[in-house]
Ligand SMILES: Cc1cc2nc3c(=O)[nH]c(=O)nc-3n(C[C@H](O)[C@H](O)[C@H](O)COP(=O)(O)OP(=O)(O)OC[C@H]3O[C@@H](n4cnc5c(N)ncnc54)[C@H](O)[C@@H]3O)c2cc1C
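Here's a solo chain for you in structure tokens, the form predicted on its own.
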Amino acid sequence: MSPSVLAVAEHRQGELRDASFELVTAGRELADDLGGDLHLAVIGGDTEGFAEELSLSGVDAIHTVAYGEEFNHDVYTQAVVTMAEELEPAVVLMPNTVNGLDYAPAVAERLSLPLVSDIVGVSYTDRFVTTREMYGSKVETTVEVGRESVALTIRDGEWEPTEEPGEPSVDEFDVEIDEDAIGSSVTGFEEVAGGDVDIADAEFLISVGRGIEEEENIALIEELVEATGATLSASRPIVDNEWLPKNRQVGQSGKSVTPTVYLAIGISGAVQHVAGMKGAETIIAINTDPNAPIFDLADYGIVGDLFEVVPALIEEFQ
């Protein structure tokens, strides 16, 4: 076993996902704990272009597998297992995304590794110590792994993405994919209802919650969104009432977002919602209740009636 980390990058429709850059940060930290190298696996798609984008500080080596354009369970499983068997890393690190959760258990099973999923923290001294959140992020748990090697999936938004350029080695990894074992393929993409916008990619989100009171009042928030050039999102009650489509929902049962600015309007700050937006760089909250939990997280807060504050903001921005 080598004291190294093998992290698996993720891409979709020709673009690297944010999770790939967060994996670099998490992988580097763990590799430093272990005293080893950080290897990145880039599988499918524009491997040369992805390798160039992922030539970042802290990455020691990038291994590419040019096979297919999009994610495929069997291809990823075969490639990662073969790579891990050759490199013998102490850690196989994967994103806790839809794709990551698809192949991570298969990789762990074939390599006979314990798998700890959805971690929000990890360190190594004489053993691996991982942190997970449970019961809607109300409880934080520590899971210690008493094995020399482990498979982990990391929750997105928990590590800052690495952006500083580096000079890792890049090589095309020699793996012979067993095509007879490929049982599925991606035939296309279809966004969830109302898929005009992906809030996960937005830099400035204005999110509305239960405090908006009535569906027709959403128009007020949309006016602020238009005045500021932001993207509209919402907490679960708004989506449950079908005032906004599901693809606008932030939170544990919606999307995790990491915008530069997150403006929460009429949102109390329930743990399920916070789990999806706490990675925002700057959080601003407007709420009439000074004891609302959202203020414990906010960088800036306005205790006031949104029906007075929002019109004033619109006037200011216009």
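Residue numbers run from 1 along the displayed sequence. So that the term is clear: the rigid core is the largest set of C-alpha atoms that superpose within 1.5 Å between two forms. Computed from a predicted model, the values in this text were never measured in an experiment.
Heads up, the form predicted together with this ligand isn't pictured, but that's what we're talking about next.
When this ligand is considered in the predicted bound form, only one residue from V250, A26, I43, L38 comes within 4.5 Å through any heavy atom, namely V250.
Not displayed here, this ligand is approached by R210 to within 4.5 Å at the level of heavy atoms in the predicted bound form. Although the partner is absent from this view, R155 stays clear of this ligand in the predicted bound form, with no non-hydrogen atom inside 4.5 angstroms. Although the partner is absent here, S57 sits far enough away that none of its heavy atoms falls within 4.5 Å of this ligand in the predicted bound form. In the predicted bound form, D296 stays away from this ligand, with no heavy atom inside 4.5 Å.
Contact annotation: this ligand lies within 4.5 Å of heavy atoms from the stretch 264-272 in the predicted bound form, the single such stretch among 60-68, 264-272, 29-37, 43-51. Residues G304, D305, L306, F307 of 294-318 are found to place at least one heavy atom within 4.5 Å of this ligand in the predicted bound form. Core-superposed comparison between the shown form and the other one: the CA of H39 stays below a 2 Å shift. I294: CA moves 2 Å or more between the shown form and the other one after rigid-core fitting. Annotation for G121: C-alpha shift under 2 angstroms between the shown form and the other one, rigid core superposed. Pairwise change in the predicted bound form: T162 and V274 C-alpha atoms lie farther apart than in the shown form, at least 3 Å.
Note: P105-V271 Cα separation is 3 Å or more shorter in the predicted bound form than here.
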